[in-house]
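Single chain ahead, by itself, as structure tokens, in the form predicted on its own.
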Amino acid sequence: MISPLWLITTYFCLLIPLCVMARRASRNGSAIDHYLASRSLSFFVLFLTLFATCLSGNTLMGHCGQAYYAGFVWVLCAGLWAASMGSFHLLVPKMRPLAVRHNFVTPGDWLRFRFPGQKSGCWLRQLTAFCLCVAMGNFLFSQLKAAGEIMALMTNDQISYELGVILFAVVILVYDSLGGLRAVAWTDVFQGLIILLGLLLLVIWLGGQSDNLAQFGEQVTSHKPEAALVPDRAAQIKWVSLLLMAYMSVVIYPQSMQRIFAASSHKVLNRSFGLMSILGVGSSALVLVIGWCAISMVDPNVIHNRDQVLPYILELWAQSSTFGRLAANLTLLAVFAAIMSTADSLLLTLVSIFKHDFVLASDRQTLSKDYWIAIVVMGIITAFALNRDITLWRLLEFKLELLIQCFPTFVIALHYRRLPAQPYLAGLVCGLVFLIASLVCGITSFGGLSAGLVGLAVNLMVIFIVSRWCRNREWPGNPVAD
């Protein structure tokens, strides 16, 4: 098999010219150009950057491993993607025109616009920015972890997990700083096409291991009879909980929100989301098939955790034939492409929020200190990523539980125009306190419902109570009606 180190090095080098071209295409040194590509993303570029960014290491490795352990019940994975895409209809139609008209760069700009001149609005913006930074840091951590796991397993630890994490972090930091969102989007076009091709080749090979679907089902059930069981009531409640969390949290993804701001037109944005919804569900189905096929092919005694299922399948494929070695290399690139396309977007968005909404809000229009912030942020997250013990799936759950607490601040405040910042701030504080207290106590669910979803219920209840208690006060005018 071609050395994965040389393969990945070549791949990284191929992306450098795109980053240099993106830097030369930069129109100025402003924040709106660096973080939004001056709102110039066309349909093809926007669609593939959205697709590549959403199809992350969590999706390929986390969902594949979850399908391997959970069995056919994890068909929920396709539903999670469909629910996520459907939720953008709550945000795009009203948020996009406001973003263009008032030059939003980060999610915090929406809160500046929605709650102007309110001290509680400033506190709400900073607390929301803190939540988004933690969630994005969590997400970037998982991408670094996924990259380290693949490098270690595919090179038989010639590249250690720790070295893989550090190398990946350095590459992302360098080319992310070269051209901003324009470089990220252009490289995502290349990476998105590789992801699709790699997944298709792998599923075709796996399909050749069974003569028909009936034989495939028999192979799975013979190795793991519980994989075909009908989910019980507790599992069904967990399904509903996860679907609701996906529906109300993915729409808050800051990197996706910045893509909404960066589209060249509303028509381009709608077409991109429409096509991404179709290919996203299809890609999720491919990931499910890979995980289910692994049940009859992977001995659970040879893998340490579920995140290693997909790399192990690639290793088996590489040993099958000469073409298998070549195709497995290409699919390895697809996995790296998925991780890279998400990691670069995360770092770019995380730095923009950290500086422009949370730390140096007074200097939002220039790139002063942004590059130094990127180095510090990546260094801290890389240090945490050297710990291999946390699974990607648990990281995904925590990220959704945290992001869902910000749902009222963005979606409800966008559609319900009468409330000021105070009720939303009180609700967010109470929701976060409940979530953190539950996690500290080791409670991850209540009757099957996730702690994050119950925390959102507390959040909404507090918003209602505070708004009713203050209903006779005179609030500042509503800017959304502008």
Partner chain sequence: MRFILHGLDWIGIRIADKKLQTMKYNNIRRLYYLAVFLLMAVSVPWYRTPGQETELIRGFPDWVVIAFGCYFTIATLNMLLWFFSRTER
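Residue numbers count along the first chain shown, from 1. In this text, all values refer to a predicted model and were calculated from it rather than measured experimentally.
Beyond what is shown, the protein has a form predicted in complex with the partner chain; the following relates to that form.
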property	result
4.5 angstroms heavy atom contact with the partner chain in the model of the complex for residue 208	no
Any non-hydrogen atom of residue 232 within 4.5 angstroms of the partner chain in the model of the complex	yes
Residue 89 within 4.5 Å of the partner chain in the model of the complex, heavy atoms	yes
4.5 angstroms heavy atom contact with the partner chain in the model of the complex for residue 300	no
In the model of the complex, the residue from 325, 102, 223, 271 that sits within 4.5 Å of the partner chain by heavy atoms	271
Interface residue in the model of the complex among 85, 129, 178, 257, criterion: non-hydrogen atom within 4.5 angstroms of the partner chain	85
Candidate stretches 71-79, 169-177, 331-339, 185-193, one within 4.5 Å of the partner chain in the model of the complex by heavy atom	71-79
Residues in 276-298 with any heavy atom within 4.5 Å of the partner chain in the model of the complex	277, 278, 281, 282, 285, 288, 292
